[in-house]
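Starting off, we have a lone chain in the form predicted on its own, written out as structure tokens.
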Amino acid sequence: MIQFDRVWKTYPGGAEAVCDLSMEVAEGETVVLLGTSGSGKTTTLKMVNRLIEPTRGRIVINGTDIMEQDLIQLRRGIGYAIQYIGLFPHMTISENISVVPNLLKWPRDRTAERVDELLTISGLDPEEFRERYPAQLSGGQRQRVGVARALASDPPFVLMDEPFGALDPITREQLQDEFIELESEIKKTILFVTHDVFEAVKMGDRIALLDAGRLQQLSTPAELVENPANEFVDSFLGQHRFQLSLLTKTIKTIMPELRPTSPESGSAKSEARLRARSSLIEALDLFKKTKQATLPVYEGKRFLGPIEKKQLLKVITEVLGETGETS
């Protein structure tokens, strides 16, 4: 758990980057820090591993104030992935991923095994990519390696500062989907920074919306969209309320309404499948692409049941009515 207890960051001259921030990030939870440029989200993130130190207040990790911890040990226990990756160009992909395990003096065999494991779950064949250099990879592949490096020592906490922000839209969406799947397996406590409300809604268990260094609302994506805490939150969501409503509703949240009764068969054995965390928009898009009437729904590798296109359209029509889009 990460706890912020009345945390401030004030720079010389009196500029306040973060003001009286109190919140908790539960074990295994992904909290997205959302806001415009200058809102304090990256400063908040960097205070956790003391790249920036708080002016006052306390940040507590698993019961211990970070200011009482050895700085090197603190940082080695926290994964860190950034927008522009920061891979070492003179090192191979294997060497880049191995940096922290080597600092921790892991046995060579354990490190090599971890590198191959992370490359595999990142969708990169170890035999093909292990000895390549960063310049030989695409932007999306380098970003995968950057995330793999952040996870290399199996840290319980991961900080991610707009990790997909520098990618083209198609690659960005692909990596978002891949990370959501990965997240269900690795069970890390994650702080994730973005300025994109759609990415925040997709990636976060909860969203902390900041403005001028102050926390405006901390809630689930659905609560944020449906019950803005104040005028700023309402204005920040802008004209995207309908799209966000469809994004905050996932297949898993409507599964009880679908009452799946048939066993895994037919469409469930096809390659096209929906994730439990797929939004209604993503589900509708997959139905359109595959032209199927029914698609299987999976949570990780576990089959949850089928969903019919007509059932999905019924739920979307209900959302349209709730948001007034049918009038």
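From 1 onward, residues are counted along the sequence shown. Everything numeric here is computed off the predicted structure, so don't read it as measured data.
Omitted here: the form predicted in complex with a small molecule. The next part is about that form.
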item: Interface residue in the predicted bound form among S278, T42, T30, N49, criterion: non-hydrogen atom within 4.5 angstroms of the small molecule; value: T42
item: is_contact(A17, the small molecule) in the predicted bound form, heavy atom dist at most 4.5 Å; value: yes
item: Contact test in the predicted bound form: T64 vs the small molecule, heavy atoms, 4.5 Å; value: no
item: Contact of G38 with the small molecule in the predicted bound form (heavy atom, 4.5 Å); value: yes
